[in-house]
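A single chain, nothing else alongside it, follows as structure tokens in the form predicted alone.
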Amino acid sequence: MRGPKATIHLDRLIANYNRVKTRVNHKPIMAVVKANGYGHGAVGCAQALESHGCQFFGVFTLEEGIELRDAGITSDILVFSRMDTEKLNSAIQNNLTLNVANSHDVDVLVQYYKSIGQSPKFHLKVETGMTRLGIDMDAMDHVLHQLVDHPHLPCEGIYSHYATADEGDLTYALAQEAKFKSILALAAQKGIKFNHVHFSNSGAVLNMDQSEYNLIRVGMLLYGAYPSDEVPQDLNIQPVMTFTAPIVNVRHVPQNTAVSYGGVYHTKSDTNIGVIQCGFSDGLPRPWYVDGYVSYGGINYPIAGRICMDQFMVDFGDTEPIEGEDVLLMGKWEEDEITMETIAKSIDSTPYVLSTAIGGRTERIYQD
């Protein structure tokens, strides 16, 4: 008996890409495909996007970048993780662009160039308020001096990352942007020009002005979900993933029958209980059982009791579902739709957490 499926609608991915590109006045897009394309499959999504004209991709690890290269991706690939000084040669061999997020990283690249006569390409990342990776503001003068003194270093870009661009109050985000612009002004004073300047994410695309930047970094919007419920939701995006699983058993039970672990769910009347072959190990969030449901034949049916590791139960009421047919768990499928945003809001999570959790025995199928 087959298990859960994640059907990836590549036509929807391309449609979302086109809508984002129109939103930012057709500026180049860096499609973020880290974490296996937010659970959608990095290789399949990157191949579809590159064939449609996308020339920039973002990943987190060097290994993710190499996976794309091995799959034939030729576009620029920026690696977001802290630069690994042990893998500089690998970055050069695979034509990957590194993230310089510490002033020490620049000093390392200076010495590396002096040693072998070349250096990996890189972007500078400025710490403006995320308090994560990034060159401290008071260290930027030293870093920029290093670029002036060593013009052979292939610094191709500069960027930062917003902490609150997907929230209704943009005060903190605007303060971050002011810091970033002060660094751009300092670089201009020193005669430094960057090929790529980017300060964006899905929230910023919807919530903030991107007119002063020449590369737009975006992830979740491409996959058809909004980053939060505080951003304008006026972009007609579609969920790229359809997450389904089969009904593997149906039994008719009487009123007040306990269902699943802990017996926290009791049937309210005589009903049909269906067993669905998918569990929290496959990425279905366990807390969703409280208010959760599946969709079958255009009708929503409640999850009956706690979601198990490999399976869960659904109360189909008077409906007699057919064993072997699929129910919709998340996404859009014919007349059925359950959005990631709906589930995320119910369990106090985010679409990012939900989509990247899809795994286990889930089969990915690419369409269109």
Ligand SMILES: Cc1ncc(COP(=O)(O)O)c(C=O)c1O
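Numbering starts at 1 and runs along the sequence shown. Keep in mind that this is a model prediction, so the values were computed, not measured.
Here the subject shifts to the form predicted together with the ligand, a form of this protein not shown in this document.
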{"query": "Contact of Leu170 with the ligand in the model of the complex (heavy atom, 4.5 Å)", "finding": "no"}
{"query": "Arg306, heavy atom within 4.5 angstroms of the ligand in the model of the complex", "finding": "no"}
{"query": "4.5 Å heavy atom contact, Tyr352 and the ligand in the model of the complex", "finding": "yes"}
{"query": "Contact of Arg132 with the ligand in the model of the complex (heavy atom, 4.5 Å)", "finding": "yes"}
{"query": "Heavy atom within 4.5 Å of the ligand in the model of the complex - residue from Tyr301, Tyr38, Phe56, Trp333", "finding": "Tyr38"}
{"query": "Contact residue in the model of the complex, chosen from Gly292, Gly157, Gly219, Pro246 - any heavy atom within 4.5 Å of the ligand", "finding": "Gly219"}
{"query": "Segment that reaches the ligand in the model of the complex - one of 308 to 316, 334 to 342, 47 to 55, 27 to 35, heavy atoms within 4.5 Å", "finding": "27 to 35"}
{"query": "Stretch 62 to 85: residues contacting the ligand in the model of the complex, 4.5 Å heavy atom cut-off", "finding": "Phe80"}
